[in-house]
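In the form predicted alone, a lone chain appears below as structure tokens.
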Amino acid sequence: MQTRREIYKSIKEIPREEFLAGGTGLCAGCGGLLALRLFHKALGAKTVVVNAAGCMTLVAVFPFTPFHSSWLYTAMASAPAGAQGIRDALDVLIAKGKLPADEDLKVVVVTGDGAATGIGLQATLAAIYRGLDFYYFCYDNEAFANTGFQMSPASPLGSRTATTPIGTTTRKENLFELWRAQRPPFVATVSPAYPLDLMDKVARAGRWRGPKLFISLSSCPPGWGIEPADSVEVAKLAVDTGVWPLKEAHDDEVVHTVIPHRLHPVEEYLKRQARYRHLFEPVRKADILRQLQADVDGYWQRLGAAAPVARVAQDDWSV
């Protein structure tokens, strides 16, 4: 099976209309904010955002909000419950004829990786079990970034966080597979460095009712130790090195939507970030570097030549 872009095939097809105004309180170069901006463009105006506590808490500061859509702020663990309440209210109003069906809203949970893989996982799995019709957008900056970049279950092996100064000793939790085990209609990984891939997945996912997951690897300039201007380039390197595979799953079949022609060495990605600097100096930690490269190589080797993949030209990322 192959997946081709069906709705957004050219950069010219990205809507000019903005649903997230500039001037937020988030860090310059935030990859999560760029991904959310593109995500909202694909969803359109009729959207209600349920925002779990996290970095995106800073997007809206009472009484001001940059969202052109509706917005509800919740505690870190309870965003899926908030989404359930909104979805139920919309359904009841439509059923009673108090809200026209064409005024229905798409319900979206926006959350960081800490809530997605840890604090909020229980409520999320319950929402998937109930078959809640909602979009779940996780901006994955691989730490609890809003409170000082502490380790989260999504922090990758060897990365330095505020609570792991010598580097994490555990592997990143696999949120994609955690969701897929519950057999929701659509799960996907996305990147702000591949806007057409991101937006096409969001638009196509609207064909199905039920829980829909989007995990965006979101470069974090202060936490990752990169320049804000390099945020998109580093996000692209994650895909080019194979660290962040772009894929989706529908009907239990995983399809890779972008495959680099040639995988770059993982070190090219690691060396660009201060959170991995301790792996190279003052003494090179060859064992960890070998393990990180082996993990990436093993992932792609397991796919094999017969894997159901769609190949998109490497130089197609910006169009």
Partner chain sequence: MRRDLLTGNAAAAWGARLAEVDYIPAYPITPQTEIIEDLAQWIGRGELEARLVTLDSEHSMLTAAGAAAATGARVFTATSSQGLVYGFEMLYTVAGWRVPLVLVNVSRALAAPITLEPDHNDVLAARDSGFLQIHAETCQEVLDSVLMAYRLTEHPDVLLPVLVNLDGFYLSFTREPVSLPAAAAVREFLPAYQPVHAKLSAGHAMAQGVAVLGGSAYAFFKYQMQRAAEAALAVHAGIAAEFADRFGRSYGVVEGYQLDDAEWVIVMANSFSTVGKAEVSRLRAGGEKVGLLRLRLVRPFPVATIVAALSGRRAVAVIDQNISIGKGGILFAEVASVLRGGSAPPLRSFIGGLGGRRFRSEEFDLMLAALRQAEHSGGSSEPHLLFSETEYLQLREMLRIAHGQK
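Positions refer to the first chain, counted from 1. For clarity, every value in this text was computed on a predicted model and none was experimentally measured.
Beyond what is shown, the protein has a form predicted together with the partner chain; the following relates to that form.
When contacts are defined as a non-hydrogen atom within 4.5 Å, all of K46, W71 and G85 contact the partner chain in the model of the complex.
The partner chain is not shown here, but in the model of the complex it comes within 4.5 Å of a heavy atom of D104. Contact check for L175: no non-hydrogen atom falls within 4.5 Å of the partner chain in the model of the complex. For the chain shown alone, R207 is not a contact residue for the partner chain in the model of the complex, no non-hydrogen atom being within 4.5 angstroms. Taking non-hydrogen atoms only, R171 never approaches the partner chain to within 4.5 angstroms in the model of the complex. Between 225-233, 211-219, 191-199, 75-83, the stretch whose residues reach within 4.5 angstroms of the partner chain in the model of the complex through a non-hydrogen atom is 75-83. Contact annotation: of the candidates L90, I128, V243, A249, the single residue with a non-hydrogen atom within 4.5 angstroms of the partner chain in the model of the complex is L90. Note on contacts: among L26, A60, L263, I288, the single residue with a heavy atom within 4.5 Å of the partner chain in the model of the complex is A60.
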